[in-house]
Structure formats: structure tokens, C-alpha cells
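Take a look at this single chain, the form predicted alone, given in C-alpha cells.
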């Protein structure tokens, strides 16, 4: 980098190139003179931003270049960075006029310097907080940006910027505390009572709701003190830093609720709290929005009751198919809680005998318990024949093919960011993703594949059976099958040295615990047409057959794209689906589509993978080429860098990505995307089933 400042003439030449004056006819002489007073470092800083913004729009870059020298007088680098990114985001979302408005209102933006300089910005902290929430017990929750801190019982909302504290670290801690308290509302029963009915008993309903919220916050603080003591101490520190206290009038309530378990304790104290002086709202307390809670609860509870009763009917039908279960008569379900009152562990009993429900059913039962404190008796009656309309199971979703044709084709779609390597920032809500189901084809392809590869299938089955029976030698055990020679030698040495002899002198073989979830991401771009498509389908047929031996959770999705506005994910097998005739028909129906827009697919399927309950999560991509798309610049460095960023996001979330490709040029770009040891190139597509099995074995035997 040049160490001396550019002259005006040099700066003019650079601006003419960046701002394309040959086509835009902008005059840059006066503009260059405005930058003459800056140091070389500052000049390079400004030129860097002008260059990055110009990749988005030259006119926005021109307007930024004019405003930046004056803005520098009352903005630091971080604030100016945020201003530039905000302008580009505004252009992405609403176009040129919105971007100009952001740039022209730079003075107003500067007045938010504290919030931008030390505030916890939702877009920057959402990923970390979402990982934190997923590690907590209870219902899987979403996290999104809203106008305040609140929850509707399924989604946690946080404001765009949290800036009540002096430092960035404390503002992040405050955001985490807000998220924890919202989670606690869903986990410890804040919504188990009809809030409308509760506050209707008081003349001032707004005051009653505020008092109820304050009491519940006290109760939930005590729950957090038991569940997350370190975070609770941090919450107290944040309050002390801001000098916040409920006051002496509320001390009796704090003493009464310190050992409270359920919402009943809060309700009992509400009349007395209602006539007590109102406490100030604490920094992490957020809001209680009854209307949002009411609407979400009603929809979820009606749907979960229907789904649970249908699942119970499926369990009965399956039990009656067993030879020893042919007896007629009414079947009776009950649920037994394991542990204390706050435990979510439960056992499902059929006619007094415990049975193991599927994972999706167990999650649903957990959600119902969170809403009611248990499972209501009327939820445990299996659905009768024809009792529910099958269309209710999928809701009123629009057909994806019809939606793409409409003006509002983004309605109901998943929106994901894309990494722009030139601007070094995300384009927010940039890629529009929809899930579709593969059109089924006759199952004959599956049967022919199994017959044609019978020898290979036998080999694969043996390999996967060996994985299932894999044992691990545990050393230094208190009891076991054999003497641990190393432990015995060390113990005898200790005895001679005058120490007490340990009793951990044995070895024991223990079957390796398998707790895996694997998602296969299949390239369905147009370039797979022909023999590659056939090989992919054959590999999936063989793989599903042998994966059933292991019993691991696995899913298969295809992906394709045609510009950022039409990124398509094709469901072939979801985690909660069994390997059925329908799945086989979908595998047979896999057909080439459009282009290879990988970043959005990785982000979406990473979310699907994170929803699966597993200790180890694998994302294995089957592809025939590099990231690519039509027309909008995804081809080349942009697509590669966005894909790399999406893979880094997946790895930070605890996912292990791997790629199998037949692209002979893959050595040029896959190490940059996946790392040197997380991909393989095969030169013979007939090797694909065997290689997938080998790689799966290496990745899952840990």
C-alpha cells in the first residue's frame, strides 16, 4: 500500500476508474480535492469503501464519495462502516432512492453513534444467540428481529440494536439475558394460564398485565438461578451497573417467589401486587404481548392435538400388525413424567407397557407439556378413521410452482443472506428459498438398481453392519472383562511409593454410542443430466438400503437455483420420514433442474440439520461442479466466496460438511471451500456408492 498521500491528479485517475466516468460523465476534480487533506491510510480507507459500493451501484458510490469527507468529522471508522453497509442494504431492499436517503441523512445516522459504536446489532449477534437458545431445553425456538424484546411462545424477538449499556460486551450480555428470560417464559409455564381471562378481573387491565409481568420476571429469575446460575449472576450485574431495582415495596414478593415452581404462585400474588407501587421495567425484562401469544398458542395447540392423536393411531395400527399384538379391544395410552415437576422427560405407555415414540412425536409431546404442564387426557385418545381432514396436516400452503409465477413470490418463502466478497458484507434477505417435493416416478428404477448391484449391495451391508457393531475398549474401569496391564503397573508403583492402590484395574468393551444425523445434499443442476443423474439416484438407493441397518437419522434433499429469486430445495426424505415407497418413488423421480446456487442451499439445509436431535451432524454434498448461477453474477468468485461463507457458518454451528464431486477441476477450488481433508474427487462415477459408504464410515466412527 502506498505510504504517501495520493496527489489530486492521482486521486482523479482512481475515481475516474471506480466511478466509470466514461459512461456516467461525473466530474471528479472537485471531489478529488476534498480528499487531498487526508493521510494515505485514510485515503485508502475511503477508496476501499467507494470501490465496494461501486460494485453494488456506481451512483450510490458517487453520492457516498461526496458525503464521506464531511461525515468523517463526527464519525469513527466503525460508524462509517455501518453507514456504508446500511446504504448498500437499503439499495438491495428498496432500490436507489432508499440508498440515497440513507446517505443524505448521514447527520441523523451519526446521532446514533453510541448505538452503532457499542450496541449489540441483531444481525451480528443473532447467530451466536440462536446457537445458545438451541442448547437450552424445551421447544425449538426461532430468533428474529422485531421492534422490541418479546415472544409469541414460538419465536423470540429482539430489537435491531440493544445499546442500554456503555460497552459492546455488556450490550451483548444484555441481549443474551433478554433471550434467556424469553426462553424461560416458554420453558417454565408463563403461558399456561389464559392471560386475557386473568387481567379481565381488574379495572386497569394494562396495570394488571404490567404487575403480572413483573411478578413472572421475579419467578423466572429464580428459575434461571437454578438452571443457568452463571447467566443469572450476569443479569444481576447488569442491573447493578444501571442502578436498577424494584424497590423495597417489592421485596416481599421476591421473598415469596424465590422457591416458586409454577405460574400459580404468581397468580396468587397478583391482587396484592396490583395495589402496590409499580416497579420500574428492568433492562432485560422486555414486553408481554398477549395478542401475539394468544394467536400463536391457539394455532399450535389445535394442530398439535390433531397430530398427536393421529400419531397415536399410527402406533396402535403398528402394534396390531405384530404377531403377538393381534388381540382386539380398546387401547389405552397414558404418559408418566420422569423426574421432578420441571422435568420434560416422560414415558409413553400403551396398556401399561412402555413404548418408544418417534423423535418428532417426542418433540411434539414436549411442546404440549410446555403449554399445559402435562398432556391433557383428551389428547391421548387416538384419532378415529376419517376424524381429521388430511388437508389440515399440511395447512394451506401454496403450490411452489404457482407462487413463483406471481408478483408476490417471496411471500411465505425462506429468505437468506448472501456474502458479497467485494463489499465484504452480507446482502440481507437476498436469496429466496422454497421447499418443493420431488415429483415421484415409478419404483421400478429402485428395484432394478438393487438387482443390478446385488453384489455391491452385499458388500455395503457388511460394511455398515460392522459399523453398527463397533465396540470401544474402555480402560481403567472398576470392573470389566480383562485386567488393564497399564493401570495395574501404575497401581503397583503407587503402592510401593506408599500411596493407596486404585481399584480401577480393568478393561471393558462397550458398544460405541451412535447419535448421528446426516443430511445428503444432492446437486440437481442441469449439468447432472444424463449418466451423472443416474449415478446419483443409484447411489442414493444403495445408501438408503444400508443406512437403514445403522438406524441413524438421515435426510436427503436436492437443490437447484435460477438467480437469487428462485432457489429451490427438493425434499426427497426428511428426518422424520421412514424409508417408504414414497421416498423410493422420489429418489427415482430426481431430475436435473437449473443451476448450482449452493450458498442458499447450504444455509437452508443447515437449519434443517440443526433441527435434528443428534450429537454429531454431517452435511454431505454430492455435486458435479463448482457453485454457479445464471446472469446475476453468482458465477465465479462471488459464488465461491458465498459458498465458503455458508460452510463456515455451518461449521460454527457444529455441523461437519463434506463434499463428493466428479469435477476433475475441483482440486482448484474445493480446498478453499471445504479444507484440504473434507472433500474427495472421484474419476469413475461407478465408484460413487462405495465412496459414499466409505466416507460415511470415516466421518461417523468417532
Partner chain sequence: MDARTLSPETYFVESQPYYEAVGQEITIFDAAYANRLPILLKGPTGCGKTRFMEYMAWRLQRPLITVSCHDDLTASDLVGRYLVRGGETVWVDGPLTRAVRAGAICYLDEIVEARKDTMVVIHPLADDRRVLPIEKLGQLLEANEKFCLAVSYNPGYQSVLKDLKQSTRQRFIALEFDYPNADLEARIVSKESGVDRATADQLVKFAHMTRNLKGNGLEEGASTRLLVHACKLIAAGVSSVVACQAAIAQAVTDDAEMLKAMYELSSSLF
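Positions refer to the first chain, counted from 1. Treat the numbers as computed from the prediction; the structure is a model and nothing was measured.
Omitted from view is the form predicted in complex with its partner chain, to which the following refers.
- The listed set 354, 229, 95, 280 contains one residue whose heavy atoms approach its partner chain in the predicted complex to within 4.5 Å, identified as 229.
- Only one of 487, 316, 441, 136 lies close to its partner chain in the predicted complex, with a heavy atom inside 4.5 Å, and it is 136.
- Its partner chain in the predicted complex comes within 4.5 Å of a heavy atom belonging to residue 233.
- When its partner chain is considered in the predicted complex, residue 73 lies well away from it, no heavy atom lying within 4.5 Å.
- Contact check for residue 575: a heavy atom falls within 4.5 Å of its partner chain in the predicted complex.
- Contact check for residue 249: every heavy atom lies farther than 4.5 Å from its partner chain in the predicted complex.
- Highlighted residues 40, 121 and 159: none comes within 4.5 Å of its partner chain in the predicted complex, counting any heavy atom.
- Stretch 121-129 is the answer when you ask which of 375-383, 76-84, 121-129, 592-600 has residues with heavy atoms within 4.5 Å of its partner chain in the predicted complex.
- Contact residues in stretch 168-194 (any heavy atom within 4.5 Å of its partner chain, taken in the predicted complex) are 172, 176.
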